[in-house]
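Below, in structure tokens: the form predicted on its own, a single chain.
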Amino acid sequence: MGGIKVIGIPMSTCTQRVLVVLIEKGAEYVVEPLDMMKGAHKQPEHLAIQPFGQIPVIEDGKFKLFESRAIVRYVAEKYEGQGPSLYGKTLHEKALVEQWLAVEIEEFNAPITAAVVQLVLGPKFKGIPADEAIVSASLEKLEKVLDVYEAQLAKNKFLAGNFLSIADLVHLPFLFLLVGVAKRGEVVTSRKHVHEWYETLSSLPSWKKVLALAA
């Protein structure tokens, strides 16, 4: 099969970032599942292409790339001529997309990940109850970040402007776990514009296809 090979599992948040962008762009792809329960991601053949033993990795012909945020940039650029322009059409739009990608990884990712690990991943996969002190501290930090998002989204429908971009889509997996799975989305639903933004993103047909793959 042609197109991009995605080595990973659809229930992985990082793999989901890649899949939602591929689907939005209408790109041809195939998922090659990795049996992480058996430690396939730590085997020499996988470490040869992802030295940190993580997922996803993509193979596009002979070209290989890891790290989900790098991959979504690559996909948006490679398929610029089809689907929505997820990386912006002008220099200024691209710069704003990069700005909000940086905000996502530098400001948003750490607190929401800490909360989701406690609320979803620990209880589901390890049988460990959530530490509410960590959850509370993480959500408090996340609220400060989302206050900034609220101000930005009051001016634009999406983070980088009035166009959907990879800067928006990379937020979806952890937002969905917090709001849709953990049912602790007050930090989102209490902010009018952040809530509308999340509802728009989580209603995308591309995201629904990702959730179906994950199921």
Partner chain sequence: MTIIIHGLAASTCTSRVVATLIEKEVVDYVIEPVDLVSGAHKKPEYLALQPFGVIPVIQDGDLTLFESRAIARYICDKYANQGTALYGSSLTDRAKVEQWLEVESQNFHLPIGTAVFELVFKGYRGLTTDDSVVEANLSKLSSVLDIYEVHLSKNKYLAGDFFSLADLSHLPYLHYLIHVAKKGDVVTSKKHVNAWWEDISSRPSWKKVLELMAGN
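Numbering follows the first chain given and starts at 1. What you see is a predicted model, and the numbers here were worked out from it, not measured in a lab.
From this point on, the text means the form predicted in complex with its partner chain, which you will not see here.
Using a 4.5 angstroms heavy atom cutoff to its partner chain in the predicted bound form, all of R69, Y74 and E77 count as contacting. Taking the partner from elsewhere, K64 is found to have a heavy atom lying within 4.5 Å of its partner chain in the predicted bound form. The shortest heavy atom separation between E106 and its partner chain in the predicted bound form is within 4.5 Å. The closest heavy atom approach of V148 to its partner chain in the predicted bound form falls within 4.5 Å.
Taking the partner from elsewhere, Q82 is found to have every heavy atom lying beyond 4.5 Å of its partner chain in the predicted bound form.
Exactly one listed residue, out of L139, L86, V116, L96, brings a non-hydrogen atom to within 4.5 Å of its partner chain in the predicted bound form: L96.
Note on the interface: of 23 to 31, 184 to 192, 51 to 59, 171 to 179, the segment with non-hydrogen atoms within 4.5 angstroms of its partner chain in the predicted bound form is 51 to 59.
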